[in-house]
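Just the one chain here, the form predicted alone, laid out as structure tokens.
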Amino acid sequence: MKKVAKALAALAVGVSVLAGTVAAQAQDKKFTIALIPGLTTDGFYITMRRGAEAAAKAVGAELVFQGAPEFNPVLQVPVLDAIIARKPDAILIAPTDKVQLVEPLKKAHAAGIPVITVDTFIGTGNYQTGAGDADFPLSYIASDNVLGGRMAARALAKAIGEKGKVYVSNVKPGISTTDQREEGFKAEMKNFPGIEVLETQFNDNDSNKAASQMQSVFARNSDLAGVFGANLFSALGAANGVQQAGQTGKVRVVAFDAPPSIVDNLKTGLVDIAIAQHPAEIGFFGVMSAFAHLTGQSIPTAIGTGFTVMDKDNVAKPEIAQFIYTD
């Protein structure tokens, strides 16, 4: 986390001129920016918060971080309602459902509170188009999850020698990020004619269910070569299923996301490859975008952040390890 903090400090220096300029326009106004994560206990969102805090400090804003303990729209909506009641100057939110969060977020929009979505989106994620009822957020700041899925496909294809059967272990339909990762993975795998993509298995974010599903898929396909976990729980569950089937090192596992535990998972071979997002950048650019809007600047309707591919051979290198999430 010290490495991430240094990187964010460097970003903060880079925007100090902008901050000074818009601060003069803002006079003595101290803006309050709320960040509502998908859930509060996950390393990805904790790391996002660190990035948001660095940006808030750089521009003199107050950051309010409040969320639910589970990735669940039923739990997230009351948190959002409570934040709207506090009347912050802007809301950054990772919507837990691209349909169910539309109407609740309309309340914020109707109250005159600018909305920016981070990590996940509502509707199609294409904002400010004048089309549809979910295009009112100002911007969507996130990893390019279709690209992330493509990267996972290329990494897995290389690991299995571009031949064999693979499948996606996913959470459930309707989550924008994991939907897109699956989409990108399947699209990229079309470039590898020697690889057959089997039916996706949905595990409801239950790693035990993902492990059981993996064993069932293997029982039907003894030549299974690999699995892509569209989120960390899916990957680790599938990896445990691979281990229980005695196929570690034979059935390759690609994970999405990189909490601290990923280091041991890679080194022991439980997971072969991890695609790390850059959540600190998402939080940082989220706050900076909100601040820029609040001080009269225009902002892009979409900002993409990067990925880092990790394996047992590079995970200890400082330039790679800096992207491991905090806890």
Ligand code: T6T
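Quick caveat: nothing in here was measured; it's all calculated off a predicted structure. So that there is no doubt, residue numbering starts at 1 and follows the sequence shown.
Form predicted in complex with the named molecule: not shown, discussed below.
Partner contacts here mean any heavy atom within 4.5 Å of the named molecule in the model of the complex, and among 177 to 185, 127 to 135, 102 to 110, 74 to 82 they occur only in 177 to 185. Thr120 belongs to the set of residues with a heavy atom inside 4.5 Å of the named molecule in the model of the complex. Heavy atoms of Ala225 never reach within 4.5 Å of the named molecule in the model of the complex, leaving it off the interface. Interface membership of Asn231, defined by any non-hydrogen atom within 4.5 Å of the named molecule in the model of the complex, is confirmed. Looking at Asp42, you'd find a heavy atom of it within 4.5 angstroms of the named molecule in the model of the complex. Checking Ser289, Asn265, Gln277, Thr47 against the named molecule in the model of the complex, a heavy atom within 4.5 Å turns up for just one residue: Gln277.
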